[in-house]
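In the block that follows, a single chain appears as structure tokens, in the form predicted alone.
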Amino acid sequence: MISGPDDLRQRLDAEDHLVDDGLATALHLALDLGLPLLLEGEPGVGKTGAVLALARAQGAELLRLQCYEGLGPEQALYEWNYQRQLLAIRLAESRGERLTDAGLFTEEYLEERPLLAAMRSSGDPPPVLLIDEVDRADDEFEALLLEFLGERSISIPELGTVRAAGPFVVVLTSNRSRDLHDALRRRCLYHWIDYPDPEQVARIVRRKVPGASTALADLVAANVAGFRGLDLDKQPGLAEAIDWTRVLVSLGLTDSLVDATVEPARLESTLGAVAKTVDDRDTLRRVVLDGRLG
């Protein structure tokens, strides 16, 4: 039983996931009130990681639905196992029998997907359902979510309405690649995750990359913050700061980078952890060659 935001923050800390007061409060309210939580923020600020850590901190089952264009009820809700149904039909025919729809559309042939699995779960602690990057899905999928989030029920034409067997936690994430409908937002608590300041980034980097010294973590955090001030196609986020640190540690460039003795040519080869387009790579490459790193 989580007593409050401070307790939750400490539990997430124990899972090597650092959060600020605002995010700890938002996650606690989602747990305490049983309301869906919509987390928005730029890519790489730790939205998905926060939800994964939340499930671990409670010892709860994680049910994850990764959204994409064209996502439909077969991937999100349930699907009928047509191969097994076909085999059942052939087996019945071999016995001179005939299966009706009532015999084919039963629990035996129903394959549940994440939303239905959450609805039917009665686990203790309740499962955590992550609907990741909901902004990638189509409008039709958002409409499908309205009944699910608002009524905690799913309509299966062949079986009727399935209502939640017990509580479960729902967190949606969005990178704001498109606007979500107001009806969906109204059904959720809302929290915006800002990119953490360099001091917080350095703390997270030290936690996530055990081989990183304090000086290296501070240097990476400061430089990534500087990169974010450049005109880049893809702004580096927290994930890129962690990846870059891992790369630097892996290549043994930690001391030379901190001492400013690293050769630019060697540093260039590490920029793929931060730059995600050729234009961004060229921009950062110029920064490195100009000696503006540090």
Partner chain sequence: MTAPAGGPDLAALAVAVAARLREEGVPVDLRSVQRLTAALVRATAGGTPPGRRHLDLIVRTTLAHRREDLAVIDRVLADLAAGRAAGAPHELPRVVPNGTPRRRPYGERPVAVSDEELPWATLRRPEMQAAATPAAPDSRQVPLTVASARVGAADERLGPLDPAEAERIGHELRAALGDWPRRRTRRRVAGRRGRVSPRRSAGAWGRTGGEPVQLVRERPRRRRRRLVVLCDVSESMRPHVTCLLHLLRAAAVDGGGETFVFGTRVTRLTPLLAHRDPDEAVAAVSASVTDRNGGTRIAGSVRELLGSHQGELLRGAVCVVASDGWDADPPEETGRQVARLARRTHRLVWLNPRAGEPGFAPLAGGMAAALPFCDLLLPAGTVEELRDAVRLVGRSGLSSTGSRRRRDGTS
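Superpose the two forms; the largest set of C-alphas matching within 1.5 Å is the rigid core. Every value quoted in this text rests on a predicted model; they were computed, and no experiment measured them. Numbering follows the first chain given and starts at 1.
Another form, the form predicted together with the partner chain, is not on view; read the next lines as being about it.
Engineer: Within 4.5 Å of the partner chain in the predicted complex, heavy atoms considered, which of V162, L71, V134, A212?
Structural biologist: Result of the distance check: L71.
Engineer: Identify, from the list A222, I156, L110, I89, the residue with a heavy atom within 4.5 Å of the partner chain in the predicted complex.
Structural biologist: The option sitting close enough to the partner is I89.
Engineer: At 4.5 Å between heavy atoms, only one of the stretches 118-126, 204-212, 190-198, 163-171 reaches the partner chain in the predicted complex; which one is it?
Structural biologist: Selected stretch: 190-198.
Engineer: Would D32, E79 and R176 all count as contacting the partner chain in the predicted complex, using a 4.5 Å heavy atom cut-off?
Structural biologist: All three within 4.5 Å in the predicted complex.
Engineer: Please run the contact check for G22 against the partner chain in the predicted complex: heavy atoms, 4.5 angstroms, yes or no?
Structural biologist: Yes, G22 lies within 4.5 Å of the partner chain in the predicted complex.
Engineer: When the contact criterion is heavy atoms within 4.5 Å, does G252 count as touching the partner chain in the predicted complex?
Structural biologist: No - in the predicted complex, heavy atoms of G252 and the partner chain never come within 4.5 Å of each other.
Engineer: Does any heavy atom of L289 come within 4.5 Å of a heavy atom of the partner chain in the predicted complex?
Structural biologist: L289: no, not in contact with the partner chain in the predicted complex.
Engineer: Since only the chain is shown here, I'm wondering whether L230 would be in contact with the partner chain in the predicted complex (any heavy atom pair within 4.5 Å).
Structural biologist: Yes, L230 lies within 4.5 Å of the partner chain in the predicted complex.
Engineer: For 248-285: residues with a non-hydrogen atom within 4.5 angstroms of the partner chain in the predicted complex?
Structural biologist: Residues within 4.5 Å: D279, D282, T283.
Engineer: Superpose the two forms on their rigid core, then report whether the C-alpha of N81 is displaced by 2 angstroms or more between the shown form and the other one.
Structural biologist: Yes, because once the rigid core is superposed, the C-alpha of N81 moves 2 Å or more between the shown form and the other one.
Engineer: On a rigid core superposition, would E140 pass a 2 Å threshold for CA movement between the shown form and the other one?
Structural biologist: Shift of 2 Å or more: no.
Engineer: Note yes or no: does the Cα of L149 move by 2 Å or more between the shown form and the other one after the core is superposed?
Structural biologist: Shift at L149: below 2 Å after core fit.
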